[in-house]
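Only one chain is shown below, in structure tokens, and it's the form predicted alone.
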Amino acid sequence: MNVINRDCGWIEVVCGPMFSGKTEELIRRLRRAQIAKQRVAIFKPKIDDRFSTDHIVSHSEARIPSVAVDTPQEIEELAMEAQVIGIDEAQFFDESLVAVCEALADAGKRVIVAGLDTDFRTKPFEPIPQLLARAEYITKALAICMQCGNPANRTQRITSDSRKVVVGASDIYEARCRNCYEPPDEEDE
């Protein structure tokens, strides 16, 4: 006999490069939870104000209301009544997001996190790798290479800005496959 412990939480991570549909998948999962009449709380980092300050918005313009926060600790404080917690653009939070997600899952909540797993240099983009190591469910999304049309798992920065975090969209980034990706100059690191 299978018994489901309804108080058991878990972490789901949706990761991949820019333009791979991570936010769209997050929105899809959160909408399904809302349809099931579950209490849902949705968060994004304040730094990401590209499309909206009070919605998560995908590149295909799918949107869902969200709360913009500065720190992962705010998520923990604001999400205690929720059954399902959605967090977009997780790479913009510091590593304390890992402990917050663990605490929420330990409290019996379903935590769905979306974000880039690597930066524009193809280096692991914390805190996503740490969340991947702790997640019960992982979805690795691929984009389509904007050069050749093959599956793309890399984010190409098409500007000369060498800072690790530069919030942008198609004006700054392209999805690229392994063959079309052009690593930045080492001196830019």
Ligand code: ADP
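What you see is a predicted model, and the numbers here were worked out from it, not measured in a lab. Start at 1 and count along the sequence shown; that's the residue number.
The next section is about a form of this same protein that is not shown, the form predicted together with adenosine-5'-diphosphate.
Listed residues 132, 47, 146, 67 were compared with adenosine-5'-diphosphate in the predicted complex; 146 is the one with a heavy atom within 4.5 Å. The candidate stretches are 121-129, 32-40, 159-167, 55-63, and the one lying within 4.5 Å of adenosine-5'-diphosphate in the predicted complex by heavy atoms is 55-63.
Heavy atoms of residue 9 never reach within 4.5 Å of adenosine-5'-diphosphate in the predicted complex, leaving it off the interface. In the predicted complex, adenosine-5'-diphosphate sits beyond 4.5 Å of every heavy atom of residue 177. For residue 181, no non-hydrogen atom is located within 4.5 Å of adenosine-5'-diphosphate in the predicted complex, even though that partner is not displayed. Residues 17, 18, 19, 20, 21, 22, 23, 24 of 10-25 are found to place at least one heavy atom within 4.5 Å of adenosine-5'-diphosphate in the predicted complex.
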